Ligand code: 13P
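The chain below stands alone and is given as structure tokens, in the form predicted alone.
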């Protein structure tokens, strides 16, 4: 394990002004998104879509620090034969890889999930490193309602995140640890706060017990936010204040940065929340983004699976990347969206 290299990579991933593009949709998930714009989910279309993003200028150079890839994409070449990982590296960004095998039903706990993928992970990590990945991502799904999550669900998922993180660091790969408290449902801000606090406390206890070097990790949490069906959803300032409060109560200062997931928020909502947290805050960690839909929804709508829409697609991606880059510095305003 090269601790200096791990820490250097982790710090670069969360640098001010830049964030992470989550382009790690599984084949099934990206098919749903393509279905929504009337495009076929073929190998070539998936490659062309991601290649367009990776060739977008100036977004990739100015606003993107890293890209999370799916296994298929890590191995693909662009239409001209250039490996997609080289497009990312040539833009000055870091290639990463999603390594979990998805959330599965947790035995004995109806309605709760446990993430699979630890079996064989050490062997896969060696291959992923050789293919160019320098960070990885593992997502734990925490369902929330009046009764869930159970203590068993939180503990099992946090233990798996810690085991994954230790295996990553052994292979020279920075682990993104992603415990996502879902924003589905009608829960209020206070309920999300309580579950998020409990989850993050458990996570860092497990990371410590497994000997994970925190300086060589990145946290990818949910924001503390009302459920989508909540009758009185909290506003931007409330979300920002609650999220900062829970982070200060649970996340060690040794962690170099926090890259939020968007978790079903709209494009503007995710940007506004991130910006509010970065306005005037003297924090021990950099706060940035690791967005999928919040970066890709507008470009997808512009593309619609048609090659002639390439310029409009890249313009939409450049805009969303720039807006979120500004938000990492507290310099975004809704007026800029015009």
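Please read these numbers as outputs of a predicted model, since none were measured by experiment. Numbering follows the first chain given and starts at 1.
Here the subject shifts to the form predicted together with the ligand, a form of this protein not shown in this document.
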- Answer option from 133, 246, 162, 261, heavy atom within 4.5 Å of the ligand in the predicted complex: 261
- In contact with the ligand in the predicted complex (heavy atoms, 4.5 Å), from 54-62, 40-48, 285-293, 300-308, is stretch 285-293
- Message: Test of understanding: in the predicted complex, would residue 206 fall inside 4.5 Å of the ligand by heavy atoms?
- Response: no
- Message: Please tell me whether any heavy atom belonging to residue 187 falls inside 4.5 Å of a heavy atom of the ligand, as the geometry stands in the predicted complex.
- Response: no
- Task: Report whether the minimum heavy atom distance between residue 112 and the ligand in the predicted complex is within 4.5 Å.
- Result: no
- Query: Even though the ligand is not shown here, does residue 178 get within 4.5 Å of it in the predicted complex, heavy atoms only?
  - Reply: yes
- Note on the structure: Of the residues spanning 128-156, the ones with some heavy atom within 4.5 Å of the ligand in the predicted complex are 137, 139
